[in-house]
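Single chain ahead, written as structure tokens, the form predicted alone.
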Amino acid sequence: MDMMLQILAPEIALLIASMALLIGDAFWAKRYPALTFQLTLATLVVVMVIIIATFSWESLQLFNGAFIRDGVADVLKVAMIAMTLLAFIFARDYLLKRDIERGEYYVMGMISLLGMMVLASAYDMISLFMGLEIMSLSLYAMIAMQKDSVFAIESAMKYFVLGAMATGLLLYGMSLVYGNVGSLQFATIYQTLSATGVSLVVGLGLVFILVGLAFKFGAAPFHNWVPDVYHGSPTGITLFLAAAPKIAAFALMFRLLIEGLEVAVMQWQSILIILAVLSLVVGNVVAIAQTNLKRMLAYSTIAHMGFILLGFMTGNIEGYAAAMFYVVTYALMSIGGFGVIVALSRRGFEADNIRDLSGLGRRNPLLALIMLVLLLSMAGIPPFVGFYAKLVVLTQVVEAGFTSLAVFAVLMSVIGAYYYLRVIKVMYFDEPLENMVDAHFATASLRVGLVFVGTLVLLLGIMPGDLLSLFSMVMTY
């Protein structure tokens, strides 16, 4: 019993706090409007401290192997909580100015985070599906929170319908694997396939599983929802959607492909190569034509997912660690980019077009500098962390024997640098628009948070070794 409580302590604490805040907010929302927000941040900090204090290097399993607590799960959970914490801090001012700041936003965000944490520790197909649904259903509701916005409602419906379709395909693929192997547990699936080999039925199931995973990642050609949902959702919700769920998608792919189906690496490796190449091409090329900043960042996300898939494609521990490093650092850069958009927006003005950043270097030098750091990092320019993230992935791709694929990824990154540099040019060389002479000054917490993110992007680029070593260590155990 004590062992079970120790293993499940972060999830239990988050669940109890979420339910308590859901009930409590109904009583204190009008008298103490900021209390739910403050208690949410305190809860996330406490849960993060619990995980770090009970960090597990060894694999501890519960519920007959359905739930696992290991180094990979703990590192991913800490990263998810950190991104959620930043998202809530960045989003509050935005939500307040649009009268959509309600306790439900924070509660649904925490429940979605609970699903992500279950995904990180899922060790059989049922627990994995439960985590995926807990995460996804909360996200659908969050996107539709701005009820007077046609775009938000449309985005939520589109995400819901396509997400349900992708989940159905994922479930069908898992059912085919189960029907052939006779077990839902990843360890048993791995052992059985090692002994019997990969049959045609398992191979077919693997195709359906990869389609579902590609949708959750937002990888081409299953990417159509990404720009529409990013654009249509309120920016205060988009910044949450663009960060923590990407880390959860990494956890989903790691548990399914590596823990359960690594024996079939020759089969899923070729499919991942196709998905990665398409994502790099579609993401980088289509982003050039975008005039909306949120849509541009959405296509940028698709391109970055291509790099993460390249890390998985290598089929070795170093490649998986490089992919983990990439997804965590990308989530940090992404939440910073959308945070700058939030800082510049105000009621009735979203600041989500590239031209809205005209002359930002003169109107608000601090925000322009932070955005400059983030864009250069996303473009893969040293000394920022985006450069090192791309470098470690490409190094593993070359060492795995896919040199031509690495060269292709570099060429796509050069093409992608254009649309990042275009935004920088608009910020520093274009004249401010007439209605944009006075820049909106963000709240102190948002400014401090953005400065923290920008500084971290620079420091991790200069000193990435410790973080990458941590990821390699948890992969090895």
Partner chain sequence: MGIEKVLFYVFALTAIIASLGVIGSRNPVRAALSLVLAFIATAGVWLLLQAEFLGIVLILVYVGAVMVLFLFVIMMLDINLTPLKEGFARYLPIGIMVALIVLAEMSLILNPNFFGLEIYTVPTALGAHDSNTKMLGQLLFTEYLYAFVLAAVLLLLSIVAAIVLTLRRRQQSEALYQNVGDQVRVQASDRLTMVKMPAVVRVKEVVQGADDE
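Residue numbers count along the first chain shown, from 1. Computed from a prediction, not measured in an experiment: that's the story for all the values here.
Below: the form predicted in complex with its partner chain, not depicted.
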query: Candidate stretches 340-348, 177-185, 216-224, 295-303 - the one whose heavy atoms come within 4.5 Å of its partner chain in the predicted complex; finding: 177-185
query: Any non-hydrogen atom of residue 22 within 4.5 angstroms of its partner chain in the predicted complex; finding: yes
query: Contact of residue 118 with its partner chain in the predicted complex (heavy atom, 4.5 Å); finding: yes
query: Non-hydrogen atom contact residue 66 with its partner chain in the predicted complex at 4.5 angstroms; finding: yes
query: Residue 314 within 4.5 Å of its partner chain in the predicted complex, heavy atoms; finding: no
query: Listed residue that, although its partner chain is not shown, lies within 4.5 Å of it in the predicted complex (heavy atoms), from 137, 273, 285, 369; finding: 137
query: Contact residue in the predicted complex, from 126, 96, 391, 171 (heavy atom within 4.5 Å of its partner chain); finding: 126
query: Within 4.5 Å of its partner chain in the predicted complex: residues from 91-122 (heavy atom criterion); finding: 102, 104, 108, 111, 114, 118
